[in-house]
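Encoded as structure tokens, the following chain is the form predicted alone, with no partner shown.
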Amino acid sequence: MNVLVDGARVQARPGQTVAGLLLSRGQVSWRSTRRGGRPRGVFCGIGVCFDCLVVVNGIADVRACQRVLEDGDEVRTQRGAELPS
């Protein structure tokens, strides 16, 4: 299964979450905070803390630890808050 991560084509396993894929690539941070731009990644891993937010297929604030990848997904790291325009 192929997905795009920040524009790069990446192989993913069926049933793999976005966080699982990013961690398997050695990436531990994929979001920055609104204030200070501090790095964030997986903290709780069960969808409670909202630290692992990413943009998936243009939709911001998707919890990477909960979102199971689908073939062709486009995942993008998130910088601070991304509000609808």
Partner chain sequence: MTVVVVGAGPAGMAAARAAARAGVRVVLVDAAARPGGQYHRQNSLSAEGEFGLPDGVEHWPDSSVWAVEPIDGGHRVHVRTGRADGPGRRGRCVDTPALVLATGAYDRALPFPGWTLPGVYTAGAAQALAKGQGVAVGERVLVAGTGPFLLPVAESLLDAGAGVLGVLEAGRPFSRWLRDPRGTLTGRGKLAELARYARVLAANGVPYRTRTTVIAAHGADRVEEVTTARLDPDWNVLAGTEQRVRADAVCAGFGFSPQLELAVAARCKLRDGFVLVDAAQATSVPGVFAAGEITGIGGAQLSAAEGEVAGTAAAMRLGVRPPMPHRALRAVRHGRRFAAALARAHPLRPGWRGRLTDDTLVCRCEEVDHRELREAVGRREASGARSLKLVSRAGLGPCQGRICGPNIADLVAGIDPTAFARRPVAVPVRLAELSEAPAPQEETE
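Numbering follows the first chain given and starts at 1. None of the values given here were measured: they were computed from a predicted structure.
One more form of this protein, predicted together with the partner chain, exists but is not displayed; see below.
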| item | value |
| --- | --- |
| Contact test in the predicted complex: residue 10 vs the partner chain, heavy atoms, 4.5 Å | no |
| Partner contact for residue 72 in the predicted complex: the partner chain, 4.5 angstroms, heavy atom | no |
| Contact flag, residue 16 vs the partner chain in the predicted complex, heavy atom cut 4.5 Å | yes |
| Partner proximity in the predicted complex: residue 76 to the partner chain, non-hydrogen atom cutoff 4.5 Å | no |
| Contacts with the partner chain in the predicted complex, stretch 55 to 78 (heavy atom within 4.5 Å) | 59, 60, 61, 62, 63, 66, 67, 68, 69, 70 |
